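To begin, one chain is listed below as C-alpha cells, in the form predicted alone.
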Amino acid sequence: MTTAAAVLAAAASGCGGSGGKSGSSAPGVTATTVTIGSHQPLTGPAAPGYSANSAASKAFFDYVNAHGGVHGRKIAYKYVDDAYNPTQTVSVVQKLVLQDKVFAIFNGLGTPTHSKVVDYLNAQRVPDLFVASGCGCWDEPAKHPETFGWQVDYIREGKILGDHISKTYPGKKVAYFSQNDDFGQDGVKGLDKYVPPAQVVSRQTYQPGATDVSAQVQAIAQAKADVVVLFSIPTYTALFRLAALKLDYRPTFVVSNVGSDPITLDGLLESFAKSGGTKLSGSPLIQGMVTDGYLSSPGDASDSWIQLYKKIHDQYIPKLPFNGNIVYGMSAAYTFVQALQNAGKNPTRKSLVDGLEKTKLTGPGLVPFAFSAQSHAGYTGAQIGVIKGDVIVPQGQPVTTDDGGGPIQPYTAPQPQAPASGVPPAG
C-alpha cells in the first residue's frame, strides 16, 4: 500500500456514523468490542453505596452484550478504584487513556476527583460522558467540549429543594451542612435563590475524609435550626444524623439526592453505631427525611424501569441490595448505550459527542436532558420525595428549571416506558 493510500484508508476508518461495520474506527474500538473506562470509589469515604454504581452499570452492559451488543460490538467496561482520592484519580485515568486506550470515560464519580482530570481528558479529546456528579462545571461545552453531565446539577437541585423549603416551612430557621467543594457550594447557590437569607441561621461545611462532624452539628443545634439541609455524600449524612441523635436534636432533615438512599443510610448508621459500641436500628432515624429524585423509585414494583432493572439485578448482581444506586448505575448505562447507538456503526470519538449534541434522548428519567450543542448539562429537574420505610415516596409532580435565575416549572409529560427487550431502540 502506498503512503497516500494508507492515509486515505486511515481517514476512511476514522469516519463514524455510516456504512457497514468495520474494525477499529477509534481507540478502544475493534470489530467486536468497545472498551470504556471509569474511576470509581470502590474503597474510601464514598464507597458505601456508591461502590455499587459501577457494578450496576456493568450488569446492564452485560445484559446488552447478551442481547447482541451495540451494532454487533460488546461493551467492555473497565472501572478502577480511586478511593475518592483526587491524586489517585489522576493516575487511574491517565492509565486508562494511555495504556488501556479506552474509547471514552464513562460516569467517573465525584466532584473533587473528576475535577482533577477534566482538563486532561479534553486535551486528549477523550469523550468524558455522564460524570457521576451534579457539579455545574461539567456543563461548559466551549471550555470542555468532550464532557457531559448526567444527573441533575446541584444548582438546579438546590433551587428545587429551596423552593420546597420556602413553601413548606415558611419562617422556620434553616441551617446548611454541605461538602466543602463545588458539590456543596453549588447546592448552596441553588438553595440561596429560594430560602430567604434571614431564615438561614447557620452554614456549616465538612471536608471529605474527616469523620468528626460533632462541632458542626453542635453549632447548628445551638442555632436552633428547625430545618437542616444536607448536601452530603451518604457517609456524612449518617455521621450528621448520629451526632444529632447524641444531642437529642430533632430537626426536619432535607437531604440532597446523592446522600439520601435509604438502604445505604440504614447500613451506615448501624455500622457506625456498632463501631462506637452502640447497637441501634438505622431505619427509624431516617423516616420522614425529605429529598428529591429524577429516576424511578426502587420501591415502585409497577414501574417498567424498576421491573427491568430488578430482572437484570437478580440475574447478574443478586448479592447487592437493590436500591437507588443500582437504579442510578443502570440508568446511566442505558443512556450510554443510546449514545453509542447514535454514534453510528463505525463510532468515532467525534461521532459519539456529536450524536449527544444533536439527538434528543429519552429514557428512564422523570424529566428531560438538557443535551445540545449549547448545553452539556444532564437532567433538568427532579421530584420531591420523602423517605418512608426503605424507599423514597414521590410527592407532587416533577419540576424543571435552569441553573440560573429561571423559574421552576411543573413537568407534565409522562415518563417513557422501558423497552420490552430492555435494550434501547437504535436511534
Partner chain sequence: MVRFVNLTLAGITQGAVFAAVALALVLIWRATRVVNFAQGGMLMFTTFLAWTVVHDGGSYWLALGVALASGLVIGAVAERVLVRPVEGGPPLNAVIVTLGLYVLLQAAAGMIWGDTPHSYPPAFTIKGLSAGGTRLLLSPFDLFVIGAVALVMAALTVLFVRTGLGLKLRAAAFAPEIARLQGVRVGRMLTLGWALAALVGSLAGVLIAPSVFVGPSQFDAMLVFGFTAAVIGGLDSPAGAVAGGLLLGCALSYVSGYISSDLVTFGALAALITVLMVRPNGLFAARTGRRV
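Numbering follows the first chain given and starts at 1. For clarity, a rigid core is taken as the largest C-alpha set superposing within 1.5 Å between two forms. Remember, predicted model here, so these are calculated numbers, not experimental data.
Beyond the structure shown, there is the form predicted together with its partner chain, which is absent from this document and is the topic of what follows.
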Point to revise | Contact at 222, 235 and 270 by its partner chain in the model of the complex, all three, heavy atom at most 4.5 Å | key: yes
Review point. Heavy atoms within 4.5 Å of its partner chain in the model of the complex: which stretch among 47 to 55, 390 to 398, 65 to 73, 364 to 372?
Key: 47 to 55
Revision key, fill the gap. Heavy atom within 4.5 Å of its partner chain in the model of the complex, from candidates 294, 253, 176, 206, belongs to 206
Practice item. May I ask you to choose, among 307, 168, 287, 214, the residue with a heavy atom within 4.5 Å of its partner chain in the model of the complex? Key: 214
Review point. Taking 4.5 angstroms as the cut-off for heavy atoms, does residue 321 touch its partner chain in the model of the complex?
Key: yes
Check your understanding: Should residue 245 be counted as a contact of its partner chain in the model of the complex, where contact means heavy atoms within 4.5 Å?
Key -> yes
Check your understanding: Could you tell me if residue 105 has a non-hydrogen atom within 4.5 Å of its partner chain in the model of the complex?
Key -> no
**Study point:** its partner chain contact at residue 218 in the model of the complex, heavy atom, 4.5 Å
**Key:** yes
Practice item. Determine whether the C-alpha of residue 105 shifts by 2 Å or more between this form and the one not shown once the rigid core is superposed. Key: no
Practice item. Spell out whether the Cα of residue 136 moves at least 2 Å between this form and the one not shown when the two forms are superposed on their rigid core. Key: no
Point to revise | Rigid-core frame, C-alpha of residue 223, shift of 2 angstroms or more between this form and the one not shown | key: yes
